[in-house]
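One chain follows as structure tokens, the form predicted alone.
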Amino acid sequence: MAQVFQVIGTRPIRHDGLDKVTGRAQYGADIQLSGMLHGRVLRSSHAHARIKSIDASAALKVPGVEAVATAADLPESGDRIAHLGEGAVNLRHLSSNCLARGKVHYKGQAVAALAATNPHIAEEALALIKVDYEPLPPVMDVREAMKDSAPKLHADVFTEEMGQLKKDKPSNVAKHFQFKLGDVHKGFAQAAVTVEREFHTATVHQGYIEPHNATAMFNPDGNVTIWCSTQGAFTVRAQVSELLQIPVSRIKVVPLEIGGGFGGKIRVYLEPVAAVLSKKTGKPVKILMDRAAVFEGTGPTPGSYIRVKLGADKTGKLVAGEAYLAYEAGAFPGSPIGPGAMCIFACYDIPNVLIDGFDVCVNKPATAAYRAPGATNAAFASETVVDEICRQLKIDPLEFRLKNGAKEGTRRADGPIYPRIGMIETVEAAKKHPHYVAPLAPGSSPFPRGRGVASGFWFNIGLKSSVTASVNNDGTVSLVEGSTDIGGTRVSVAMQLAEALGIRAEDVRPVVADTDSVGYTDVTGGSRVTYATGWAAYEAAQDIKWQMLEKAAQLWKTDLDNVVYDKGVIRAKDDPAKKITFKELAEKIQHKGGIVVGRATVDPPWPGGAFATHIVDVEVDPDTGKVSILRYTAVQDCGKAIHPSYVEGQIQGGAVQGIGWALNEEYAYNAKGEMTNASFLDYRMPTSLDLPMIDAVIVEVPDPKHPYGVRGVGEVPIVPPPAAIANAIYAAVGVRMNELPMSPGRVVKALAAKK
């Protein structure tokens, strides 16, 4: 029997909404401190070069310039691996990404920084820093980088082959691993239809509207305070601690409002540099990136080469799958190749699977997470091949997914066995949806139209979260959490506390606190906050309920066993007349010196994951290659939608980003390895004029582990769009697109090749 909720599933106004719409919310660029200096970062003009010398003497002579920092001011981190944010990182590489040491590995890599009394002086003085480079040939393509003859980016990177480090020679291939399930050769021998295709995807940026920023105050007592826009204050604290070799107890990170991140604001770029400049000057230092620095100097998602082979028997049952994925790591090892390999066949029950994954360094910015990192590339390949198999077997693509979809008990190739999941339910909902049932509407234009579908998966994560909740004498609750709010998680976490206590969501006052004011909390990423921090809020509510029962028992001079808590009302079992609301009791215990504070820290089990199935109708202009989105429906299993409006917003936002990835977005490089479109004017992202209203359909298959059945929402909606659009393009004009983005030029080229 489904749970009945009072708060969960409603749509209260978000607690921070007024500050956001009136401009009162404070972002990183808004910080102003007494005596503050302004920092600027000098970035490499080469994609690959040795740094022979850095001469900052002329810059230091400029009136108003107070300090210059280079890699020499950062402690040598050594070849150590630290687990920070969403994955492991080599600290030497992380340090070099903040300020280059010995070499630059991409155009835009930070080389030096300075602090001056105003930003104009800083900008002018920056041009006076002279860097003597020895240019080296760049390698920009993932397959070229894998060749033995390719220029090597690092002398200290060797291939980790199936868990064993091969130290015989440096390599651009940092890692090669395999996932195996069953016997893939026997599986393909059983196949009546086999399809094998190759795919290429371009480097894509997260496109958040707010540039990176950091302000640091290094106090004479050795304590450091950092204000920044980040997806994880504790992660910033850990990275700065490791890079500057300062104990975490001496670092306080104050997370400000964040203008988008999508995975790109987890790794530090400016924070350690601002701290070093502040230590040198004894004054607070603020550094802001401009848009070109964001594009060229921060982590996009990787370009990739993927080869997929799938086999099905004559009934349409998948019998074998094989995949080869090579992902760009950018300048330093650490692409999302692991998640990509985990997700590529995750929507299906395939008995025989072999997946090879390669993490490859190229002369581009070190890649960062981007909404289901690695999964969109993978799904573009696998879901396109699935569509081709469906057409060869003349099977409806949704019927094919019902026959082959993963369900409870299905084993994924990388090992996990699914608990209760909702893949099949998303397909069933898509099949019944008016969009799929309706015929493809004829247009007023003569251009051909087509419909495509695709599914996608993201495993989601749990990780650690902490909250404290204090009961006020007016019956409200002050909730302190450590999760940066990007997509409305203040309200989704507050609603779970309110539900557990039986009070209104509006009676919970959520605050995102600094690292000195709340217990350790992992990053806002991996679709974990509503799941894990919400779980912590639920546990804190249980703590409050127990204390409130204890206070009521004292008030009524009865045993604790005689008191029950029911939807915000405390009752005595033996006397129906004895009852008191949460609000009334909060007022009484305050007057009697009672204080109630609930606390919780959780590290919940990893969830079962989230699935989505998307439907899209497109129109293709054969002369120009322009693809127009006519109608879009995104069906997703959300476990339980805490705040349906924000769930729908996450689904729509992810789908829009996936559409941009599919049709327009890419880093354009010239032969020298220079990005030629490092601005929003030239980096083409979709606007409201490019899109129809996206119909977000919520399916609820509760996660059995979570108190309220929550599944993460934010990642999986970006996964299906490129494949769904590719399949719709084929339905319209009969060409298979195997490269992202499917820009007008590429569509025209494919049509010409068909002719």
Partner chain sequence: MATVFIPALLRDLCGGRETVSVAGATVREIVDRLEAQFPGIKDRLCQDDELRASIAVAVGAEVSRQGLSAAVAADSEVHFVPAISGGNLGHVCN
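None of the values given here were measured: they were computed from a predicted structure. Residue numbers count along the first chain shown, from 1.
This next part talks about the form predicted together with its partner chain, which is not shown.
Contact with its partner chain in the predicted complex, judged by any heavy atom within 4.5 Å, is made by just one of F447, Y133, Y683, F177: F177.
Taking a 4.5 Å heavy atom cutoff to its partner chain in the predicted complex, the contact residue among I424, V193, V157, A202 is V157.
Taken together, R267, P336 and G525 are fully in contact with its partner chain in the predicted complex: each brings a heavy atom within 4.5 Å. Only one listed stretch (393 to 401, 613 to 621, 634 to 642, 87 to 95) carries heavy atoms within 4.5 Å of its partner chain in the predicted complex, and that stretch is 87 to 95.
Although the partner is absent here, H38 is not a contact residue: none of its heavy atoms lies within 4.5 angstroms of its partner chain in the predicted complex. Proximity of P373 to its partner chain in the predicted complex: non-hydrogen atoms within 4.5 Å are present.
Among residues of the shown chain, K464 is one whose heavy atoms approach its partner chain to within 4.5 Å in the predicted complex. Contact between A323 and its partner chain in the predicted complex is not found at the 4.5 Å heavy atom cutoff. In the predicted complex, the residues of 348 to 368 lying within 4.5 Å of its partner chain by at least one heavy atom are, in order, T367, A368.
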